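The form predicted alone is given below as one chain in structure tokens.
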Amino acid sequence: MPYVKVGSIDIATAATRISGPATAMSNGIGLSNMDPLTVSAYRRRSLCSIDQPGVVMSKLPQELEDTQHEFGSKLVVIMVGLPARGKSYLVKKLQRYLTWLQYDTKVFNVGNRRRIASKGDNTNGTSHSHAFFDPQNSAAKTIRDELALESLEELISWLKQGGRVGIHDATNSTRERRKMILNRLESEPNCRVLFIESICTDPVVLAHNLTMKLSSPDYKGVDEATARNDFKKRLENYERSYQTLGEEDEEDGIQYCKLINVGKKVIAYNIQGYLAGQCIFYLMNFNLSPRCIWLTRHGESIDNLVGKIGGDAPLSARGKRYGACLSRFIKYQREENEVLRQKEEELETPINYRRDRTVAVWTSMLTRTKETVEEFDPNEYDIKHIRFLNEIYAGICEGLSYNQIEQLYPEEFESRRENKLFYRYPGMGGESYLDVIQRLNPLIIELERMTSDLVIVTHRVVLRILLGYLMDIDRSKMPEMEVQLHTLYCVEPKPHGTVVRKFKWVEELDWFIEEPVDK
């Protein structure tokens, strides 16, 4: 394998691209037409399970050089649990996180396949009614198992085309079903398998989940009373045959994680490999607490006025006015949000979420972000300056304008324009978007763990990456997001989605006006 330049697009050759099946192969050699034993031998020889896209590369023999994207670890996540236990919520969160880390991740939902296959046919109880889920209904059980295996085959095929993590989203609530899945995966030696079981015993959360289930496609056009009665009978059918993960499963040497009440209790067994460990660490840190995450770039700096990138310039007078208004606006929003939350609690049965009423403020270690929060009172806010939030380091291009970079380093300028995500600035310490994603990873975990409102003041590239995660923005669009100065985003994580609001500072009014959010 050729040595990789620190700068230019060479860093993003076929050896480090993660575009899956669309990746071009310059010499036409792919794993599919190579000796399988040779390929498996090279995979098994890897002693290090750390496999971060764009950060870790393997040196391979010449004949395998252009297929490095296919050599990353493959993980199959098998979900386990009764209906209305939050499996889909966990799956969506995990897919978003792994995709943000640049692992190609896809969910294969057996329920969706069942609904497409059924099309309302009620023969032998094969519709969406509770009879289809009766463990004594042998005809329906055969169909359910076939659907589960069809989804698994689709998952395996996708992994072979370059995918990295496939999630089998189904109840998989019996040992017989799980054994059937394991037996099939045993013939795929390059795939690790991780079982994740979601258990919920909180009656208030269960009642909330059940109500949400009534709006699923299974009950479209069905009145609420009929749907509720049918779903309760479906649950009873599942409960009659449900077998939780335990010692008998451990005899098969599997790795698994049981999440009880959205991570309040976590049981992990035999976890192997970096990727599986990242999944578990992520899942055990998030919560359902209502909170607002405010994100903005720093106020206008002296370097912004002349178009320079990087550096550690102070704020301009205009930037300082923005920071002062930001502190007043956040205080106003805190008071408004508190009133709204109290009203919501009065109207609904509150789920007992943890919530810290102290508001945290995070900035980078650079002067322009610190100066932006100077008006925030440390007696009212928990203020932290965090190096992880520093702007992408531009190496030898620090302190230059984009026009100067184009004139001095035309090849670098073009390489960056072609692929911002993979491009790494040349020079000691120069970074790529992928490097910044990896250093922000600990903050994403902390952000998911927190139960308080949070204000993040950072920089353009970092803000794009954080919004890319919070808003689940496609990685091809994330580096091109328009995140202007003096714009404030508010992200509210919800159990079934994310609410995003956008505010623009109007200098003449010295206040923020809400605008539509572009996705």
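Start at 1 with the first residue shown and count on from there. Here the structure is a predicted model, which is why all the values come from computation and not from measurement.
If you look for the form predicted together with a small molecule, you will not find it shown, but the lines that follow are about it.
In plain terms, the part of the chain that comes close to the small molecule in the predicted bound form, with a heavy atom within 4.5 Å, is 297-305 out of 297-305, 83-91, 373-381, 242-250. No residue of the trio Val76, Lys160 and Arg184 has any heavy atom within 4.5 Å of the small molecule in the predicted bound form. Among residues of the shown chain, Val461 is one whose heavy atoms approach the small molecule to within 4.5 Å in the predicted bound form. The closest heavy atom approach of Gly310 to the small molecule in the predicted bound form falls within 4.5 Å. When the small molecule is considered in the predicted bound form, Arg368 lines it closely, a heavy atom lying within 4.5 Å. The small molecule in the predicted bound form is not approached by Ala131, whose heavy atoms all lie more than 4.5 angstroms from it. Residue-level contacts in the predicted bound form: of Lys320, Lys420, Lys331, Arg175, one residue has a heavy atom within 4.5 Å of the small molecule, and it is Lys420.
Between the options Leu315, Leu447, Ile392, Ala148, the residue in contact with the small molecule in the predicted bound form by a heavy atom within 4.5 angstroms is Ile392.
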